[in-house]
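What follows is a single chain, given as structure tokens, in the form predicted alone.
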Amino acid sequence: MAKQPRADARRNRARVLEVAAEVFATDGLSVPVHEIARRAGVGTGTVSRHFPTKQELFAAILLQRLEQLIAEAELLAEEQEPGPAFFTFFATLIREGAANRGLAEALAGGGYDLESAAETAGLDLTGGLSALLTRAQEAGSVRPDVDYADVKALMNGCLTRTGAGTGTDPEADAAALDHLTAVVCDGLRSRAGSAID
């Protein structure tokens, strides 16, 4: 039976992940591990014990965020009507894609397969989005001729928007991305569906 990490080790790992995600988002991916350790209030060895390579740190951040997104999809399904739940999650995934583009690209460039790692960890973001899509279609909020592959392609299309997530002007990037997402959502809505804020 595998030994569980001590409580302080779990706290340190969680703190490193939190700080690293913030640092990479604000200062870029080139921030050295010793700076992440300093800002997290731990030693460089602590970071290296939990994440032997920077790529493993990148992956852990993304996998943790995937886990949070799956929980968010489940919560939306429970608490909102099908249409608003789908459109809210669709927009969230696009914003997340833009925010974490650098991490995903760094992992892909290193040959890391995030989708396989997520599957191995039992994380099924695809299933969560697919379930929300199906519910929204059954409720008449989303066009019936759209499938998961269409939705994924539309999300990827939003992320190719010039300026979206480049960091040159974060406020303008976010506004442009939100505008394009709203246009795409309007196109996904069933003619019988009502506008969703």
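In this text the structure is predicted, and so the values were computed from the model without any measurement. By rigid core we mean the largest C-alpha set that fits within 1.5 Å across both forms. All residue numbers are counted from 1 along the displayed sequence.
Another form, the form predicted together with the DNA, is not on view; read the next lines as being about it.
Engineer: Since exactly one of T44, Q68, N156, T26 fits, which has a heavy atom within 4.5 Å of the DNA in the model of the complex?
Structural biologist: Selected option: T44.
Engineer: Given that the DNA is left out here, which of V151, A139, V31, A60 has a heavy atom within 4.5 Å of it in the model of the complex?
Structural biologist: By the 4.5 Å criterion, the partner-contacting residue is V31.
Engineer: Since only the chain is shown here, I'm wondering whether P144 would be in contact with the DNA in the model of the complex (any heavy atom pair within 4.5 Å).
Structural biologist: Output for P144 is no: heavy atoms all beyond 4.5 Å of the DNA.
Engineer: Does the 4.5 Å heavy atom contact test between A9 and the DNA in the model of the complex come out positive?
Structural biologist: Output for A9 is yes: heavy atoms within 4.5 Å of the DNA.
Engineer: Does the 4.5 Å heavy atom contact test between T160 and the DNA in the model of the complex come out positive?
Structural biologist: Judged by the heavy-atom cut-off of 4.5 Å, T160 is well away from the DNA in the model of the complex.
Engineer: Determine whether any heavy atom of P170 comes within 4.5 Å of a heavy atom of the DNA in the model of the complex, and answer yes or no.
Structural biologist: Flag for P170 set to no.
Engineer: Any residue of 101-119 with a heavy atom within 4.5 Å of the DNA in the model of the complex counts; write them all down in order.
Structural biologist: None of them.
Engineer: Quick check: H179 between this form and the one not shown - does its CA shift reach 2 Å or more after fitting the rigid core?
Structural biologist: After core superposition, the displacement of the H179 C-alpha between this form and the one not shown stays below 2 Å, so no.
Engineer: Take the rigid core as the frame of reference and indicate whether the C-alpha of T53 shifts by 2 Å or more between this form and the one not shown.
Structural biologist: Yes; T53 is a residue whose C-alpha shifts (by 2 Å or more) between this form and the one not shown when the cores are overlaid.
Engineer: Quick one: G28 and K152 C-alpha atoms, closer or farther in the model of the complex compared with this form (3 angstroms or more)?
Structural biologist: Closer is correct, given that in the model of the complex the C-alpha spacing of G28 to K152 is reduced by at least 3 Å.
Engineer: Just say closer or farther for the C-alpha distance from R15 to E72 in the model of the complex, relative to the shown form; it changes by 3 Å or more.
Structural biologist: Between the C-alphas of E72 and R15, the gap widens in the model of the complex (3 Å or more compared with this form).
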